[in-house]
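Okay, so here's just one chain, in structure tokens, the form predicted alone.
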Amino acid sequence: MGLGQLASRALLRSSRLTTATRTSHFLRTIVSTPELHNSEVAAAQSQPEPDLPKRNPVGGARIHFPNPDDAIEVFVDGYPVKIPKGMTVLQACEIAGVDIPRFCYHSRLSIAGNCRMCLVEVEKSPKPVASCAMPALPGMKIKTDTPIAKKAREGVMEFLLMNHPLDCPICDQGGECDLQDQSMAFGSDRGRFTEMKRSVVDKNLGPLVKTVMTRCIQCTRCVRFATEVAGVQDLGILGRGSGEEIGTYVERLMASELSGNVIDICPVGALTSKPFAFKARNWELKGTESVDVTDAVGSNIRIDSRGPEVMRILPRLNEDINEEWISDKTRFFYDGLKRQRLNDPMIRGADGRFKTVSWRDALAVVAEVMHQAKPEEIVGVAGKLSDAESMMALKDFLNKMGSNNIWCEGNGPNPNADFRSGYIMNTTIGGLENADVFLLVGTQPRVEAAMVNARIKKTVRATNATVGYIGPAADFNYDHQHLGTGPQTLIELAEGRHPFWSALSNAKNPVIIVGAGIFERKDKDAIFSTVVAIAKNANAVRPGWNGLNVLLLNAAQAAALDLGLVPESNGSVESAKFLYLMGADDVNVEKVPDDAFVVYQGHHGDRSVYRANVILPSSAFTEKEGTFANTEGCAQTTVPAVPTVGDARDDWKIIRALSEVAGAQLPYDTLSAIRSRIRTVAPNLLHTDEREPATFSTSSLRPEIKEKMDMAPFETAVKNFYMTDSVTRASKIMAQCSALLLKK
């Protein structure tokens, strides 16, 4: 033993002796009060309630207490917060206004708990816990900002960056990357890894999603999304340890109508948009909140533009309609907005070629021909993408010219527009989650309305709801029973003879969805009366629940029926001498008489242009302000994101100018004035972002139908999901999708 150690021991012993002699001179007095015998009072006195400022939940989240008695109180960094029982620690922190970093957790997906970025300290817990997977318990004291929590996050971030390439300058996720943001906020200032980084071979997921799998951090969000929301088992995780990677089990494309959403939920640059690759940085783009018009759902979108060009389309949160997903058609059709556009007014010459003219000359020619035609020979057709204002103007103009032959594409030759409940989704898209049995009649929601199908899939997954389907063989991404192909099955259900009737009659909240493709059938009234009988027998329509729905196909259908665009006579196209097509490209122009004068007013040179005598260029939905009603009757507005192309004008402005030239001037010349006119016809269209429920039910007021039902099977309403209107048919991306992804 050295001299230094001996000396230190001696000094330590002497210091202990001196302290002992010092303390022996003091007497300790013990004072007891009655309050201190009560431990609760003592705790309250020892810990006075801190006067903490009120905090706002992260992202403006709202808490719903299904049962107020189940509310529990937890403490986040000393701040008391009441939450419903069953919430996780991470959700409790968000309600307390504390944003916890995370990579694998997503509020709409199942909990994986494999990134460990959300570690927090919980009192009496021996080590940090993963807040996304830990249920909050009464009285739990959570600490999010302690040195232990910070050190844990730094360690996790260092491990994540260990194999992550330094690709930020050439990565499309740059500027909107969770890994960048959280590395800056929670990461260390240096890494200690000096070995070789591993690399992973990129996968081919199709024409929409670009993969750089070396950037992947194995959060498994895309795997869970594909399985739980999209309903396809295409993605999975292979290997283990350092060799772990995400891909398809066999070499195949990701064939889902929602595949583009993996781009949004991927927290790093592993999955990005293939059409948008290397096109722009997100800080260069101007975002405009608008509404999708490619189907009748009216998904909320954000249009990102740079100058006069739409660069990309992203989803916008709307819990009642599309949640935070959009279909691939909505996301990627935007390149069609700059192809095959009509720029200038044109008139077909004697040689059959179009020549460019001024607006004055074009309108003068149209007005002159209109006056030569008889009123009953003037016909107007509104297209799939028409807004309510332009349809109101077209109807008023043709009425002033003496004609009432006007309708909208997709509504059939003789639509029944008497009661709104007969053509809208009465249950609402969000209300489908309360259903326990679905009966789909002549509709394939996966291709007709992908977001409605996603909601049905969510309900089936959550509650094991039963789905019955009547129609041609179709590919569904959830369990269903194929009951039959035509009206014969409907008759059996109405008479209670079909095996599926027991499930429908015993359902608490049955939902019947009729496809709008039935509008084109001659026996549609007989089919609807049979469906109404089934709904009546199954008690699907009652106070507090209306389970009888129609799923529309086009963005213009609901508003057209609200405004009363119903033709006066059947077969008016065959006898027309003057045909005004406002963006209508699916009209069978072969039925139009050879001597008829056809005016095409639209933004794309599509099918009807080849038969037109005069072309009037109009603006697309990204270039104008307009009102659209979705399939549940909710009115929403689009706003201009980019300037119009060439000499194009808004649809209603063209009709207003034409009415003046034709001597039948319309009494409005501003958007607010035309909306005042709409208020007198369909006031529900002015209640923006509000769903106006139908006042009367068709089941009690619909007259009895005597016509016989045609036993021909139902047909597929949408043949090609990716090409349904003039814009999507002009899109190069949609053409690639239909060539690669649709089954031959």
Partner chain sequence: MASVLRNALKSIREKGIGNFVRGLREEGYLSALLDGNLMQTKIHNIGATLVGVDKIGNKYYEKLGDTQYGRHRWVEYAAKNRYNASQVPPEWHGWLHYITDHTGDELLLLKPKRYGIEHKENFSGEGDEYIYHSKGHTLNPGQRNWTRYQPWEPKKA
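From a predicted model like this one, the values you see are computed outputs, not experimental measurements. Numbering follows the first chain given and starts at 1.
As for the form predicted in complex with the partner chain, it is not shown, yet the points below apply to it.
With the partner omitted here, the residue from F476, Y668, W545, F354 that has a non-hydrogen atom within 4.5 angstroms of the partner chain in the model of the complex is F354. With the partner omitted from this view, the residue of E154, E495, D181, E309 that lies near the partner chain in the model of the complex is E309 [heavy atom within 4.5 Å]. Contact annotation: Y610 falls within 4.5 Å of the partner chain in the model of the complex, judged by heavy atom distances. Within 4.5 Å of any heavy atom of the partner chain in the model of the complex lies no heavy atom of V589. Taking non-hydrogen atoms only, R339 approaches the partner chain to within 4.5 angstroms in the model of the complex. In the model of the complex, the partner chain sits within 4.5 Å of a heavy atom of G605.
Only one listed stretch (251-259, 642-650, 478-486, 434-442) carries heavy atoms within 4.5 Å of the partner chain in the model of the complex, and that stretch is 642-650.
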